[in-house]
Each structure stands twice: as structure tokens, then as C-alpha cells.
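In the block that follows, a single chain appears as C-alpha cells, in the form predicted alone.
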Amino acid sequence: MSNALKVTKYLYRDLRTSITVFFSVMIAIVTLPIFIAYQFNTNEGEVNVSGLGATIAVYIFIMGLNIFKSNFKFMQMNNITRSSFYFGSLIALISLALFLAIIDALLNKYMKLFMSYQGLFEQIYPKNLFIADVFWSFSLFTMAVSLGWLITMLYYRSNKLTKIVISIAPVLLLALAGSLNNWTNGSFGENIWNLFSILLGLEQANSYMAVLSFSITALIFFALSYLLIRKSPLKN
């Protein structure tokens, strides 16, 4: 466990610059509309900014894509076991997702003080409870980073042909889904939407249903990542 915590601390130091740059940009994005509103005496209702949660989700997904390869090689050269590297990375990624979720929920409250603003959570679920926002964002960000982490491990373990297949698979699946939707006169797409509505609790505006769905998905991704990392070779 001590080695896992060392991995976590190392990753925190490694991610420090990236997080600092990201939040500098986020602060600029948050501050600029407020500055414009007050500088030009704009009415509050005339300045409308959408939720920044989607930006954070994309950022942490990309972080998941970039955190594995070089760090894995470095830890292996320093005799850190794959298991310690996995659990150390897991702690770092999940704690970072929680930190970003709290920041996002606080930003949602802060922005509403100065302008017409709706966070990503509030756009989907009308009941804007702070704790529900944190739980929902945390599960979403955890799922996003677990997906990015899984994808980069798949690429790392794959040969050139498999990498091509992985890259084009989403496009092929979308094309297949579109064809099935046309062949079924739209019923396929409607059934998929109904399924997502249930899993995300959209009909009842139940965000905790989405939290459960995101969390289960993240657990599956993390479990698959563990299977991939157990016998990952050192590669250039």
C-alpha cells in the first residue's frame, strides 16, 4: 500500500502543471463574461453562459488518455509492481474526479451570483441541490477518466491492426446504429433513447439513477483496465 501511495503522490506532482493551466483557463472563462457585464453595464439577463461541466469531463477524459504510458514505464524501471501502479493511479484519478466535481459545483453556485447561468447538472435535472450536483459530477468525471484510461491501455496492448480497429469502431457502430434506425423506421433509436432515459433518470429527474449508472460503468472500465495492466509488457 505504501508503494501505491507513492505512485499517487508522484502522479499528483506530474499532473500539477496540467491542472494549473486548465484552471487558469477556466478562471479566465468564468471571469471574462462577468467583466464584460460590469464593464459595459450589461444587464444580468443579457449575459448567459452554459455549464462548464462538459469541459471538465472532456479534460479529465483526455487526462485519462495521457496518464498511463510514460508513467507506467517509469514505475516499472523503478521496481514498482503493476498492482501498486494500478491502485496508486486509481486513487489519484478518483480523488481528482472528486476534487473537480466539488470545484464544478462551487462554480455553478458562484456564476449564478453574477449572471444568468446554468451548470450542466442543472440543465438536465431541474432540482439544483449542491450535494446532488457533486455526486452526479463526481460519477460522471470518474466514468470519463476511467474510459480514457481503458482506451490508452487498449492501445498500449494492441498491435497496429487492432489499434486501427479500435479507432474506427465508434464510427462503424454509429453507422450501424443509423442503418438500424432507418430499417426500423426510427424505433431502434427510440428504444435506445428510452433505455438511456431510464439509466440516467431523465423522466423522473432522478440524478441518483445516473450516479448509479455512471458508477457501475466506471467500475467495469476500471476492472477491465486491471485485467489489461496485470501482464502489460514494457514497450517503446
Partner chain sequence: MSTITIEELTMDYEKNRALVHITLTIEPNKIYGLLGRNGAGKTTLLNLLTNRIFPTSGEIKIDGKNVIENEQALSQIYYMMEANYFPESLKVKDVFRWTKEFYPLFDTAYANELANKFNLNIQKKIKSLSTGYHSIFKAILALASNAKILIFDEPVLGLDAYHRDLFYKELIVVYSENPKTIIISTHLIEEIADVLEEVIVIHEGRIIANHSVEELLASAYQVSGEAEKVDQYMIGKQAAGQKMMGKYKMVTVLKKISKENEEVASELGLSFSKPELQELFIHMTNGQEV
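Computed from a predicted structure; not experimentally measured. Numbering follows the first chain given and starts at 1.
As for the form predicted together with the partner chain, it is not shown, yet the points below apply to it.
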(request) Sort through Ile102, Met111, Ile80, Ile124 and report the residue having a heavy atom within 4.5 Å of the partner chain in the predicted bound form. (result) Ile80
(request) Evaluate Phe74 for contact with the partner chain in the predicted bound form, applying a 4.5 angstroms cut-off between non-hydrogen atoms, and reply yes or no. (result) yes
(message) At 4.5 Å between heavy atoms, is Ser84 in contact with the partner chain in the predicted bound form?
(response) yes
(request) Report yes if any heavy atom of Tyr10 sits within 4.5 Å of a heavy atom of the partner chain in the predicted bound form; otherwise report no. (result) yes
